[in-house]
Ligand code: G1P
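In structure tokens, one chain follows: the form predicted on its own.
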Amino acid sequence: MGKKIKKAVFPVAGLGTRFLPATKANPKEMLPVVDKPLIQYAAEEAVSAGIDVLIFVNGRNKRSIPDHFDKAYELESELEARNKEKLLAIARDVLPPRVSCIYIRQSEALGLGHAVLCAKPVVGKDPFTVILADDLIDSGDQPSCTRQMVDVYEKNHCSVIGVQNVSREEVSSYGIVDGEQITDKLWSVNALVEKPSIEESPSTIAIVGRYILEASIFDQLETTERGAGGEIQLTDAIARQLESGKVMAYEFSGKRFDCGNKLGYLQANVEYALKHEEVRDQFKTYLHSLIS
């Protein structure tokens, strides 16, 4: 029997320059979609998959992330004194009591691979998941994206990459999978091609911000040379894992919003607002008024 996935790594040290000036003093992962920050959606997705150790690899000026998941004594006391029970529950129940949060400083901005490597002392020899909070995935009535990928891992016991099918015109913006299709949603990976041209792309199966990784990835990351931009690339390390074991790519069920750019972030806010019990009816009326 393989080990259970109980730890999730959240690389949150990026500068979020696409959202300046909003991210000058506030991490992009704390940008709200309706009434919850992106990092909380990501944490909830991990918890829904049975994960109980959340490892945040952060940088300077990221205090608002641990503050968000910490107990807010003054706020809770004020809400309790005013008998605001519903709001008090929201403030207290950001995460279940069983979940532990661990914060690790990434001292240098050396890329996603380096951020994952920073988590090695906590992850140890266990398999783990990596979740990029700016890839917001709405799975609707289906299990969360991470839950789906955990199920794939438990059947195959190897690293699993989350992927989606993109248009030919978009392949140059993604890492692309070269592999053999096993089912309508699952591929055995032969190689990973970073941002290929349309003509050279082996497929339209693109890597998105969800990974389940065997602990052997740390050995690869420690010896992977810096790639584009002088950064340690996670995809380079996964490609090296292929030399000694298999890697699967899984096309999850759900809709991804690329909240790393303004358009995707705005689309997420609109679609989540249209499903939000408190505001959906009024918001729908407002949208109709704009196009009528």
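Each residue number is its position in the shown sequence, starting from 1. For clarity, every value in this text was computed on a predicted model and none was experimentally measured.
There is another form of the same protein, the form predicted in complex with ligand G1P; it is not shown, and what comes next is about it.
| message | Going by heavy atom distances of 4.5 angstroms or less, which of 151, 222, 76, 194 would be at the interface with ligand G1P in the model of the complex? | response | Of the candidates 151, 222, 76, 194, 194 is the one lying within 4.5 Å of ligand G1P in the model of the complex.
| query | Among 207, 94, 99, 122, which has at least one heavy atom within 4.5 Å of ligand G1P in the model of the complex? | reply | Of the candidates 207, 94, 99, 122, 207 is the one lying within 4.5 Å of ligand G1P in the model of the complex.
| said: If the criterion is a non-hydrogen atom within 4.5 angstroms, does every one of 38, 41 and 138 touch ligand G1P in the model of the complex? | reply: Contact check failed for every one of 38, 41 and 138.
| So which of 213-221, 194-202, 84-92, 143-151 is the stretch with heavy atoms within 4.5 Å of ligand G1P in the model of the complex? | This holds for exactly one stretch, 194-202.
| task | Indicate whether residue 112 is a 4.5 Å heavy atom neighbour of ligand G1P in the model of the complex. | result | Close contact exists here: in the model of the complex, residue 112 approaches ligand G1P to within 4.5 Å, heavy atoms only.
| request: Would you check, heavy atoms only and a 4.5 Å threshold, whether residue 187 touches ligand G1P in the model of the complex? | output: No, residue 187 sits far enough from ligand G1P in the model of the complex that none of its heavy atoms falls within 4.5 Å.
| said: I'd like to know whether residue 233 contacts ligand G1P in the model of the complex, with contact meaning heavy atoms within 4.5 angstroms. | reply: So residue 233 counts as contacting ligand G1P.
| So in the model of the complex, does residue 117 come within 4.5 Å of ligand G1P, heavy atom to heavy atom? | Close contact is absent here: in the model of the complex, residue 117 is far from ligand G1P, nothing within 4.5 Å, heavy atoms only.
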